[in-house]
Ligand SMILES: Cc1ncc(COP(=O)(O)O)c(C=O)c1O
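So this first bit is one chain, no partners, the form predicted alone, shown in structure tokens.
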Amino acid sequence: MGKYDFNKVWERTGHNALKWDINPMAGRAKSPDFSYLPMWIADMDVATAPSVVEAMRERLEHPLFGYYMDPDRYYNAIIDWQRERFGVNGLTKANIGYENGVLGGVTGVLHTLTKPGDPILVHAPTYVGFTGVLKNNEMNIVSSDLKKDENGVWRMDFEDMEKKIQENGIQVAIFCNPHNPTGRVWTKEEINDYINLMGKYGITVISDEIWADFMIAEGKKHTPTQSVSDLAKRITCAFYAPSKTFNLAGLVGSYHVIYRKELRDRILKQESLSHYNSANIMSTYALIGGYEGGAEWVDELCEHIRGNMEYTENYVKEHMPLVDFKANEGCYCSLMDWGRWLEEKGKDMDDLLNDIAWVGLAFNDGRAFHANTAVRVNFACPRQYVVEMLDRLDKYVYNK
């Protein structure tokens, strides 16, 4: 039994929680016999770390919230976290910059280095946020499919990436490390090979590392993209966010790590034009609280999520053998693939989603992530939600 209770059920309906107050399955019929159980958007149904609340409470005791600048304590918290959690040495305040959000940071890099119509390399399955940003900015999305090996592990296809780089004249690529939605934690060797390929063609890498703290499988360790080589430091713009780690999306607040001064200055200039990145003082102190005192909380949270995923993997193997599910290496959202079941039953994804909606469940439609026979399920929740989800899927969907 750990120090923290991640199985406490919180009443979130009516408390400004998008996950609970908006049903993404709306338009599909729901039975009145089932309560609504959302397991979709990447928002955890667990209270944030006590150290976060304490740091915010401490700041609230000084009730003046005028114009301010981020204190050195903010930057030192990031530097210490990166060193202690990921083994990063040599990171300085100058390398770090506030971003309202990771996708905003991604957009800032795109606006600095590209123009509408330019090709951007991504992996598929693809985080839906990348797809939205690229489409909204009129970029040409060039996808390289990840492939499962004989053990069901997602791998990058380097031959395919190089072919598409050559064919499309790629100059900017988006890398997701760890990968959402597959949950893959890339090894140092894989990242180094990826960086060497990008460097060969003079490509700038945008590395989304928002999931860095969610090491779910035992023994996994996050390798920052920029840590693998000097080349990686020169060509990579990395983005992190305590908002994901500590369930603070409603507070807003992320940051970039960019080592090359010339590149950093160009991006900061571009971002300054919109006055977009105005830091929130409570977000600043939330980061300080999380990074200074939340390490043990994060470790226990990852163990809890691992338990939820392993419970699901075992249940699916025994009770729903035509569904493919494997506990993640990283990230708390995972793909549950119904492809073999759909083929056996002669159904399509809309049939499946209608059945899922009928029993009150809400997942992300995998088609938005280019995972065309899967749903994306959020496991950062009390165990009883997972048990209830599986019971409904087993009795009323799989065996319908």
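When you see a residue number, it is the position in the sequence shown, counting from 1. Note that the structure is predicted; figures quoted are calculated from it, not measured.
Absent from the display: the form predicted in complex with the ligand. The rest refers to it.
*Asks:* Hey, in the predicted complex, does Cys176 get a heavy atom within 4.5 angstroms of the ligand?
*Replies:* It does: once the ligand is placed as it appears in the predicted complex, Cys176 has a heavy atom within 4.5 Å of it.
*Asks:* Are any of the heavy atoms in Trp81 no more than 4.5 Å from a heavy atom of the ligand in the predicted complex?
*Replies:* Because no heavy atom of Trp81 falls inside 4.5 Å of the ligand in the predicted complex, the answer is no.
*Asks:* Is Leu103 close to the ligand in the predicted complex, meaning a heavy atom pair under 4.5 Å apart or at it?
*Replies:* Looking in the predicted complex, residue contacts with the ligand include Leu103, since a heavy atom lies within 4.5 Å.
*Asks:* Taking 4.5 angstroms as the cut-off for heavy atoms, does Ile216 touch the ligand in the predicted complex?
*Replies:* Contact check for Ile216: no, nothing within 4.5 Å of the ligand in the predicted complex.
*Asks:* Of Ala77, Ile210, Val205, Leu301, which residue is found within 4.5 angstroms of the ligand in the predicted complex when only non-hydrogen atoms are counted?
*Replies:* Checking each option against the ligand in the predicted complex, the one that comes within 4.5 Å is Ile210.
*Asks:* Can you work out which of Met56, Leu342, Ala42, Leu353 has a heavy atom no more than 4.5 Å from the ligand in the predicted complex?
*Replies:* The residue in contact is Ala42.
*Asks:* Please state whether all three residues Tyr127, Phe130 and Ser243 have a non-hydrogen atom within 4.5 angstroms of the ligand in the predicted complex.
*Replies:* Answer is yes for this spot.
*Asks:* Within 4.5 angstroms, counting heavy atoms, which one of the listed stretches 197-205, 87-95, 176-184, 158-166 is next to the ligand in the predicted complex?
*Replies:* Of the options given, it is 176-184.
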